[in-house]
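We begin with a single chain expressed as structure tokens, specifically the form predicted on its own.
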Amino acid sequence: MKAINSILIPQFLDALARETAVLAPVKNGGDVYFRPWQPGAEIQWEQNSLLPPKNALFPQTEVLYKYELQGQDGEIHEENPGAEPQIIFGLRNCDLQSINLLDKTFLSGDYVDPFYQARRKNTVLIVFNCHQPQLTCFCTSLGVDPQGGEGADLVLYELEREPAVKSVMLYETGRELGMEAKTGKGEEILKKYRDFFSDFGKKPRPFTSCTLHFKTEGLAEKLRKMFEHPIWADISRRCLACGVCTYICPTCHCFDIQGKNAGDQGYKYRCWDSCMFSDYTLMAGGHDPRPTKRERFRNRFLHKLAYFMERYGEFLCTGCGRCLAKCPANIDISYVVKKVKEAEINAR
């Protein structure tokens, strides 16, 4: 096993960024964002990012193809789905699991998304194992191991501290962080930048339990019987349908395809969309199969907790807690699970 002093992390990222684009969780005002690493940036370990690093693999807006009209004829120029190599540094296991779930969506089945595939293939993931959850975290309830590292190329974790070391010493000398390669890409990084690392014999700091937790046994099966249950009208009443929950969610992947025209030229692009918006399912003829907030609210949570489970065997939620922290109406998936568990099946 290898270790690196936390004081050396900025220098390590500087070295990585000289050869490859690096996204890292940096402080910006009172929040944390995954931004391109720049020398002098302040890395943030203690707080999860406001937005997940999903945009690095599934951009909020991307051009699919361009076209040019020539009288009755025309030419279509497809965008090259190739992607430059990049490193996402310091994402947590909840966001790592969200990428594993996006892989199932975009890389499995009969159709593979070439744009997502190209970025995913050229991305190195360096995950930071949690040892102290935030109050809004509930990853363990959804089966996510906060110190698992499944799907990562490198795993970074804090090591146990010497009890006699005072906090002022920690500030001056930094903290020891273990780093373990999980793939060949990870091994290459440890080998190439070996001057930053040393051997260690300490144990990783253990994870303290989430204060927010709930059981999910039988949840998907129960939800299959609740499509017309009055619970959806009840718990969706205070929802504002603002869509913030979908835009900060690391696993939401709904998108729309739009076009822009300028004379004889134009292009088609896709952009994130939200199932909570009133025009999301609106058809060209004016029909909307989900005309009210109740139907849209129901679809969102059935997708997260039942439909995705039926297809892929996993919940489409990683317990990152962003919806709990940012919903203006204080509605989150843990609240919905609680209400579903309490509901009487026979009530109609």
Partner chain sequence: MNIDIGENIKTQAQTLLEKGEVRCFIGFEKGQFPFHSPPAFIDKAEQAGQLVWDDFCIANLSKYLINFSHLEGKIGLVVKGCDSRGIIRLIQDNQVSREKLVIIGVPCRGMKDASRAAAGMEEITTLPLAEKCTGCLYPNPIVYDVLIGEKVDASPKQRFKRVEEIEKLGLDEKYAYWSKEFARCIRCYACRNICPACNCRSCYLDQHRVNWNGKAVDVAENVNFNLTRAIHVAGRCIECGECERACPVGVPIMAVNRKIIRDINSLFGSYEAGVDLEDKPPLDWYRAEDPDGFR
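Numbering follows the first chain given and starts at 1. Only a predicted model underlies this, so the values are computations on that prediction, with no experimental measurement involved.
There is also a form predicted in complex with its partner chain; it is not shown, and the following applies to it.
Engineer: Against its partner chain in the model of the complex, would M309 count as a contact residue? Criterion: heavy atoms within 4.5 Å.
Structural biologist: Judged by the heavy-atom cut-off of 4.5 Å, M309 is well away from its partner chain in the model of the complex.
Engineer: For L240, is any heavy atom within 4.5 Å of its partner chain in the model of the complex, or not?
Structural biologist: It does: once its partner chain is placed as it appears in the model of the complex, L240 has a heavy atom within 4.5 Å of it.
Engineer: Do Q47 and its partner chain share at least one heavy atom pair within 4.5 Å in the model of the complex?
Structural biologist: Because a heavy atom of Q47 falls inside 4.5 Å of its partner chain in the model of the complex, the answer is yes.
Engineer: Is F200 a contact residue for its partner chain in the model of the complex, using a 4.5 Å heavy atom cut-off?
Structural biologist: Close contact is absent here: in the model of the complex, F200 is far from its partner chain, nothing within 4.5 Å, heavy atoms only.
Engineer: Quick one: of L102, C130, L212, L154, which gets a non-hydrogen atom within 4.5 angstroms of its partner chain in the model of the complex?
Structural biologist: Checked against the cut-off, the match is L212.
Engineer: Which listed residue (R294, K66, R35, H303) meets the criterion of a heavy atom within 4.5 Å of its partner chain in the model of the complex?
Structural biologist: By the 4.5 Å criterion, the partner-contacting residue is R35.
Engineer: Based on heavy atom distances of at most 4.5 Å to its partner chain in the model of the complex, which listed stretch, 272-280, 141-149, 113-121, 186-194, is the contact stretch?
Structural biologist: Of the options, only 272-280 has residues within 4.5 Å of the partner.
Engineer: For a quick check, can you give me the residues of 128-158 that have a heavy atom within 4.5 Å of its partner chain in the model of the complex?
Structural biologist: Residues within 4.5 Å: Q134, L135, T136.
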